[in-house]
Every structure is written in C-alpha cells, then in structure tokens.
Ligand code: AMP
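In structure tokens, one chain follows: the form predicted alone.
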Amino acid sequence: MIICVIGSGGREHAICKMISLSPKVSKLYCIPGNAGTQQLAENINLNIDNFEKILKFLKDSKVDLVIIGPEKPLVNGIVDYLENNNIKVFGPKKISSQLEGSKTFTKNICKKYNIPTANFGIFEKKENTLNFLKNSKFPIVIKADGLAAGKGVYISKNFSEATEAVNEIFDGKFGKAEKILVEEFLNGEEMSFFIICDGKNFKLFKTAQDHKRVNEGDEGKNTGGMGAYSPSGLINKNLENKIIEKIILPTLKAIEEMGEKYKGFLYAGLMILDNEPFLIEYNVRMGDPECQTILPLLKTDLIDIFNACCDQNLENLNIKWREEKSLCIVLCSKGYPENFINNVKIDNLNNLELSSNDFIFHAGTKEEKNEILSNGGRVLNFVSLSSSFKVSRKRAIKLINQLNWKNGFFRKDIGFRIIDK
C-alpha cells in the first residue's frame, strides 16, 4: 500500500514510525512532515490547508490511504473533500469534527443527552461575560470556543485574571471569537480516554495523563503538552464502564442522530472526581503528546487498524497491546509557550544510544544541509517503556541530558502524581 500521513508534529512522526513497521506498506509520504518523518517517509512540502493541491498529489502518487493527524484540516472538512473525490481517508468528517472545533457545540450535546460535564454559560459579548463573572465563584474556567492549539483554556483564580482571559480571547488571541465559554472549576484529576471508531463500532485505544502546564507541579501557562504517561493510574473497570455508558455512547448517538457516522480517533478529556467521570472536552484526533506515548505500546499492525476503520470492519479486529508503562517528556525551546527562537541547531541526536524500548519523536524540527534545526516551541519527544513509570522517566531524562541541547528545557516531574504518591 501507498500511504500518506498529513501533519508535521510529534504525533505524525509517531504514526509514521508505526506505519513504517508494517509489511503492507510499500511507500510512505508525509505532508509536510518534519526532520523525523523524513527518515521514514518522503516529506512533501504542501500547505495542509490547500485541499486542491493535496488532492492532486494524492491522485498523481496513487495513494491508497490517507491518515489525517492534526485537528485543523479535520474541522475544515478535508475528509469530506477527499472522500467526495474517491480518496480513502482515516478521520472524522466536518460535522463530527465540531466536537473539537466548537466547545459550545459539544456543551450543547452534553446538555441535550445528559452527559456529565461542568456547569457552563455561553456568551457572545465581552460586557455580558464580565458582568456574569463579577458574581461568579472562583476559581473559574474560561475557554475560547474554537481551535486554540491546546492553549485557549484559562483557569482564573480571581476576577482580575478572568478579565485578562476574556480580553485576550475576544481581542483575537486565538482568532476571531464569536463565543466564549465559562464553566465551573472541577477539582479532580484529569485523564485522557481514547477510542477508535469505524462508524458502526468502536474499540478502546488506551488511556493517558497529559501535563499541559509549562512548569513543574502543573503550574504556569497552558501549553500544547509538556509530557504524558500511559496508562492512566485512575482507570479501572468500573470507571471505564461509566465513561462508555455516560459519555462515549451518548456522544456517538448524538452524532448518529445528526445523520453522521463517526470514523477515526475520539479523545475524551475527562475530569475524574471520586471515580465519577466528567467531560471537559473532545478532540477528534489522537492527542499530542499522548499519541507518542500510546502508539509504542501497540502490538497490532496500525495499518490493519486504519483499514478496518475505513472498511467498517473494526468489530472483527482484535487490538493487542504491550503491558509496559510508557512515559513521554517533551523537550521545548526556551521561552515556550511565549516567545522563542527557531533555527537552533540540534547536535548529538545521532549519537544517542536507544534501546528497543526508547523512542525519539520529532515535533518542531526541520532538516537543512544535513543539519537538524529547531522549528517550533515543542521540539522533541523522548519516550521510554519499562515495567514502571519511575524507570521510564529516569531513562527519558537520561537521554535528554545526553543530548544536552542548550536551547531546550523540559519538565523533570512528568508523572509525578503516580510516581511520587
């Protein structure tokens, strides 16, 4: 098969890595890719927002299957566009992708189908939002309605912080804001819960815990993710059943009643309080860096999984997993998530000695004149599998220290809740 992965981050490098292990794959492309995917696939420098040029490339290259990595093209309808042009593609269509594309869309589904979630209000004007917040209980959560690359969520401890958040969102920090979401603060522990769906049936696709905050102890500004571990320490059979019955099944029913079939990854960001799940948000693709954390645990051929989803044959596929504990640490450019510099050379990468349980996935990198340069805030993902999270974290940190990239920083406490209990 000729396969094309769309995207350029750590998630896409991890997907390319697992696809490259399949004996069914004869050729692999990545649009636009990064320095890591270039080692496994042929990078094609196209804008992922230009559907027409992508379609022409796919047809000219006789691509058999396309996998969409990031959320933006999904929300913009790339799956609808490619399927209408007879291209086999893995990922949800435009209407289903509103689960991530619009937080108010998801909240309204929660309300209609009694899905447990934080109490919320939706506002269209800055003045009305601030008037509501004057009489609100703090801390409170304020969210941009649309896509914000994982950064459009504020936990405001007082009215002053809330005012700053509202101003930033309505003033266009994450693009034009027509709506803003204000919701109660749930004081539990977060969990990422993944399923994969073929439009008729779904299968569980592991759990993880992401660390969004930039500083240790889960302090500081939100980022796209500083690290993750899998499986989540919160998951148990009883909780899993509650998540499926109270959250997943009603959501898939809602999509079905809109005349749609959900195909692809679905990622439920949950807050767990006393073994009860509450939906925080949905992502309509694999998380990043959760994807990098979860995929190395997979024993089943990833191409078999994608094909089963596209052919509505997931029910007959048994997805097998390794039993190890997986932990990922993200190495970032100094200054992230605020201002940082790109094009900083990364030496020593080829000198690192990786065991079969170690993985380095590129995120913000590019290759120029046989040199690897930084090209983003989150630069490299160091993943290690072992019998314990503590050993995995120690191994990942050792590799980062051996790399010794002077322009980088990372969190040394990924997994602290489960390791340091």
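Note that the structure is a prediction, hence the values are computed from the model and not measured. Note that residue numbering begins at 1 and tracks the sequence as displayed.
The following text describes the form predicted together with adenosine monophosphate, which does not appear among the structures shown.
The stretch in contact with adenosine monophosphate in the predicted complex, judged by heavy atoms within 4.5 Å, is 180-188, chosen from 342-350, 180-188, 80-88, 165-173. Only one of the listed residues (271, 195, 302, 252) places a non-hydrogen atom within 4.5 angstroms of adenosine monophosphate in the predicted complex, and that residue is 271.
Only one of the listed residues (110, 239, 118, 309) places a non-hydrogen atom within 4.5 angstroms of adenosine monophosphate in the predicted complex, and that residue is 118. Adenosine monophosphate in the predicted complex is not approached by residue 263, whose heavy atoms all lie more than 4.5 angstroms from it.
Not displayed here, adenosine monophosphate is kept clear of residue 235 by more than 4.5 Å at the level of heavy atoms in the predicted complex. Interface membership of residue 143, defined by any non-hydrogen atom within 4.5 Å of adenosine monophosphate in the predicted complex, is confirmed. By the criterion of a heavy atom within 4.5 Å, residue 222 is counted among the residues contacting adenosine monophosphate in the predicted complex. Highlighted residues 297, 324 and 395: none comes within 4.5 Å of adenosine monophosphate in the predicted complex, counting any heavy atom. Shown here without adenosine monophosphate, the chain has 271, 280, 281 in 269-286 lying with a heavy atom within 4.5 Å of that partner in the predicted complex.
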